[in-house]
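Below sits a lone chain in structure tokens, taken as the form predicted on its own.
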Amino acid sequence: MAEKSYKYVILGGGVAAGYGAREFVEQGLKPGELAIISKEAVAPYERPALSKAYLAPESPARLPGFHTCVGGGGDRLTPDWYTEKGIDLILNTEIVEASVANKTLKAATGVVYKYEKLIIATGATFIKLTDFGTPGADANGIYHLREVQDAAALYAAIKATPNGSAVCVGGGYIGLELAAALRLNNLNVTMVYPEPFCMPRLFVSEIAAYYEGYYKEKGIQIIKGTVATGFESNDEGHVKTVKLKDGRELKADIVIVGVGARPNTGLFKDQLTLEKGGFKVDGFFKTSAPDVYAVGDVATFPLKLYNELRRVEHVDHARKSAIQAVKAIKAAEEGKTTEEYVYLPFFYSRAFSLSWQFYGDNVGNAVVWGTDTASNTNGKFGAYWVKDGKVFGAFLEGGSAEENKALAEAARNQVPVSTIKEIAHL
């Protein structure tokens, strides 16, 4: 049985892997010390591009254009970069067994990879309707979006179905961003979700109403308060109808399912401590096992601002947690210390000409301003989440870089609400 040994291994080839590799190099990585093992066929890339620029009707983004680390304002790390730095980029490789005790990873090919220190960056996997036994959910023409190959298949379907009908199941990030992308490609789009309004994990009703109104003006039909209970296919096995719980049936040439994701923890679930769906880590992203770190979607970490453990699924955290883990690893090797991770939750989205950012925590009472005067041409509005007289969360649509920076500082410092003036209209 073939074996390969490395000082460091990053398991997973997503956003975190790219930023972690760059940080290793900046910390003085030597050739041959690091391997990245990924089941994907391409070098790490900025995953948010898949639901945005990749599906643009004109001049769509393609690799190598959005390899990491361009999303974080850095240089693009092409496959050649990894070669130049002496990093083994092991692609198309699925790890099927892991032993924390033996510090080994066994691939489906039979090759065993040994490591001294491991960073688990396996991310999350989309939830399928087949997981719930939804009839017909395995039909052709039903798409999920997580990897570049998923985006490529969806793009091909869009181009093969001019002026066709598309149904987006789910009203979260994926549903909203892909509904916009499909509509920009001149498809007839319907969104379906069970909640009373879109993005319920973050938005309040006043904020959601603006986006739902905007989408309707763009020609997108929105059906709330019901779910897809089944799909019908044509004789070729391609989806043609979406059946809803309320009895309605929707014509569909393309179906997008965006109903959530689950972290990929299976390889280590009986070997590492789990909490809140992820591997429990400390402020340096060390797990319960020596020399094993976990970052990004699979890490449940101390969120010091709110004195709690939390797991965060977002590209910003994936980038920053990977960098933190590498800094911690190198500092420990040199007998030095590094500061614990202090993270301000950050989320954003772009669709049509819309662009919003959110900082902090959506706890307490939401104070929304500007939605009554916002329009398609002047869409600036926002909200603050106030708890105990302090700002815990801040949201802004259509803001400038300076305004968003001010919001971040307000949420980070939990400023008294009495100090919020012009931008909040309070």
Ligand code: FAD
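Everything quoted here is computed from the prediction, not taken from an experiment. Quick note: we count residues from 1 along the sequence shown, nothing fancier.
The form predicted in complex with this ligand exists for this protein as well; it is not shown, and the discussion that follows is about that form.
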### Query
Residues in which of 276-284, 295-303, 232-240, 245-253 have heavy atoms within 4.5 Å of this ligand in the predicted bound form?
295-303
#### Entry: Touches this ligand in the predicted bound form: K52 (any heavy atom, 4.5 Å)
yes
### Task
Check whether T161 has any heavy atom within 4.5 Å of a heavy atom of this ligand in the predicted bound form, and answer yes or no.
no
### Task
Evaluate S38 for contact with this ligand in the predicted bound form, applying a 4.5 angstroms cut-off between non-hydrogen atoms, and reply yes or no.
yes
### this ligand contact at W81 in the predicted bound form, heavy atom, 4.5 Å
no
### Query
Of I142, I207, V315, I87, which residue is found within 4.5 angstroms of this ligand in the predicted bound form when only non-hydrogen atoms are counted?
V315
### Query
this ligand isn't shown here, but in the predicted bound form which of T104, S165, T93, T338 has a heavy atom within 4.5 Å of it?
T93
### Message
Each of L184, N188 and G379 having a non-hydrogen atom within 4.5 Å of this ligand in the predicted bound form: is that the case here?
### Response
no
#### Entry: Heavy atom within 4.5 Å of this ligand in the predicted bound form - qualifying residues of 260-280
N264, L267
